[in-house]
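Next up: just one chain, as structure tokens, the form predicted alone.
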């Protein structure tokens, strides 16, 4: 049996409705910002419960613009977690800041107890990551940030639809950033990003900065860049947004089946604790296991397309060598990098395929 990681051919097997929407766009000639982008932004803001939503060209761009909006620049530091995708850290550098890492916890989330020790007079922002679509402890993060007067920018790029006690990921900090990359449940047939905020001043800056600083064709208020969400992407995203809750619920269902099926194997393969009140959306279904590389090869040999996110932590990458970190600085992150595996659990995995995944896992450990 084959259990693929990619599902896009199935998600978009029937595209006629999308083409009908796109024909409406083409008829207007509104190919840069305009009413289709504005409609999607309002729709997304309503979905997450934010006052403003600002579309960007990528999730990375959403991070860069957000960091600039809260004052990150040369000489400023941004605290984030060591186990994340490179875009989180690359955005800090692109905004002119210096990344300051802290370790993660057993849920693969930022170790909140380590944040305060990392704060210096140069700290300009705290950047927690909703890694794998699971929210970190935002209440404790905000308590520290508010007490120290430091803005929070949420990297919720993997967490569309994730919630803490009914409140959406991305709505806790000064800004929240989301990715609409093709492998995300909310995707736009290419790269795309979006920022949410309740702050009118920040929203005004973001709308100006992403569009060359232009008030209109003839008036430039600030120096800016071109980091706009395209109307084509907004049209696709709007239709996908109508279906995203169903996609997320299916992922949650599949994750629950895997959780139940792995019971009894805790000594050999473990999953993170699921917190009450936290709605995880399982952008990645992560487990840790000994003999990781052998385990992954075994799964792949049986047709199960397992992945590793990621085998080398960012603080040990060549790009980070000037930051001064070394092996041993973040032991939990480093251990997880040696042991973490992503199992397919997306919305198109069937119950039969999940039963097969679990049978193959038990076969591996029986050997």
Ligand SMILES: Cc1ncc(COP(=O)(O)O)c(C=O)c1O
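Residue numbers count along the first chain shown, from 1. Given the structure is predicted, the values throughout are model-derived calculations rather than measurements.
The same protein has a further form, the form predicted in complex with this ligand, not shown here; the description that follows concerns it.
Q: Any chance 87, 179 and 192 all have a heavy atom within 4.5 Å of this ligand in the predicted complex?
A: Judged in the predicted complex, 87, 179 and 192 all sit within 4.5 Å of this ligand.
Q: Only one of 138, 92, 160, 129 has a non-hydrogen atom within 4.5 angstroms of this ligand in the predicted complex; which is it?
A: Going through each option in turn, the one that passes is 129.
Q: Using a 4.5 Å heavy atom cut-off, which of 252 to 260, 266 to 274, 211 to 219, 184 to 192 contacts this ligand in the predicted complex?
A: Of the options, only 184 to 192 has residues within 4.5 Å of the partner.
Q: Is residue 54 close to this ligand in the predicted complex, meaning a heavy atom pair under 4.5 Å apart or at it?
A: Residue 54: no contact with this ligand in the predicted complex.
Q: With the partner left out here, check for me: in the predicted complex, does some heavy atom of residue 313 sit within 4.5 Å of this ligand?
A: Residue 313: no, not in contact with this ligand in the predicted complex.
Q: If we define contact as a non-hydrogen atom of the residue within 4.5 angstroms of the partner, is residue 58 a contact of this ligand in the predicted complex?
A: Residue 58: contacts this ligand in the predicted complex.
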